[in-house]
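In structure tokens, the next block holds one chain alone, the form predicted alone.
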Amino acid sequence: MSDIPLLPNHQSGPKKLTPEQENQQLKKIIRELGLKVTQQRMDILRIVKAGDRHFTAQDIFEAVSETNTSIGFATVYRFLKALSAKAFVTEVRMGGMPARYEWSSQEHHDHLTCTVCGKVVEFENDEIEKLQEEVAKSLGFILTDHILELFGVCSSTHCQKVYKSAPES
């Protein structure tokens, strides 16, 4: 099996923006969504862009509510949905787990998710990408997009112990 290169677990990008440049960029995104610029939306967007690559609406709500106690979970959820609808974030909802989001300004990659702790690892594999294209073609499809998420148990001692002690189905 070939080596599967992993992507870094945090965002990389252009040079660090000044606070004013960052504010202007955030305001532009909010306006592109057709929404009014509010402090709550600015706070949510700042956390989304700067935080962990894979997050739930609850993660963002908890982070924002640390400094903005007036924010509601529904506000966070609706704003994430608006960001997803305009492809600023990608929503991944698989396996009955809460939807996870990630900032969309990155190259395509797939995910491996731990079913015990929820850890998400990104990977790229040219062989898998080629096989997906072949499957689509063999079934008469032109592949335009896809989401591949594999589920398993990560190598942490805790997760391995939980997995091994679970009753068999």
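Heads up: residue numbers just count along the shown sequence, starting at 1. Treat the numbers as computed from the prediction; the structure is a model and nothing was measured. Each form is matched to the other, and the largest set of C-alpha atoms that superpose within 1.5 Å is called the rigid core.
In what follows, reference is made to the form predicted in complex with another copy of the chain, a form of this protein that is not presented.
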To verify the annotation, which of these, Gln40, Ser104, Asn125, Gln58, has a non-hydrogen atom within 4.5 Å of another copy of the chain in the predicted bound form? Asn125
If we take heavy atoms and a 4.5 Å cut-off, which stretch out of 63-71, 113-121, 41-49, 23-31 is in contact with another copy of the chain in the predicted bound form? 113-121
Contact test in the predicted bound form: Arg78 vs another copy of the chain, heavy atoms, 4.5 Å: no
Give a yes or no for His158: in the predicted bound form, does one of its heavy atoms lie within 4.5 Å of a heavy atom belonging to another copy of the chain? no
Applying a 4.5 Å heavy atom distance criterion, does Leu148 contact another copy of the chain in the predicted bound form? yes
Val153 within 4.5 Å of another copy of the chain in the predicted bound form, heavy atoms: yes
Looking at another copy of the chain in the predicted bound form, which residues in 133-150 have at least one heavy atom within 4.5 Å of it? Val135, Ala136, Leu139, Gly140, Phe141, Ile142, Leu143, Thr144, Asp145, His146, Ile147, Leu148, Glu149, Leu150
Compare the position of the CA of Asp126 between the shown form and the other one after a rigid core fit and state whether the shift reaches 2 Å. yes
Honestly, after the rigid core fit, is Thr144 moving at least 2 Å at Cα between the shown form and the other one? yes
C-alpha of Val37 off by 2 Å or more between the shown form and the other one on rigid core: no
Compared with this form, is the Ala85-Thr144 Cα separation smaller or larger in the predicted bound form, the difference being 3 Å or more? closer
Comparison of CA distance in the predicted bound form with shown form for Tyr77, Thr144, at least 3 Å: closer
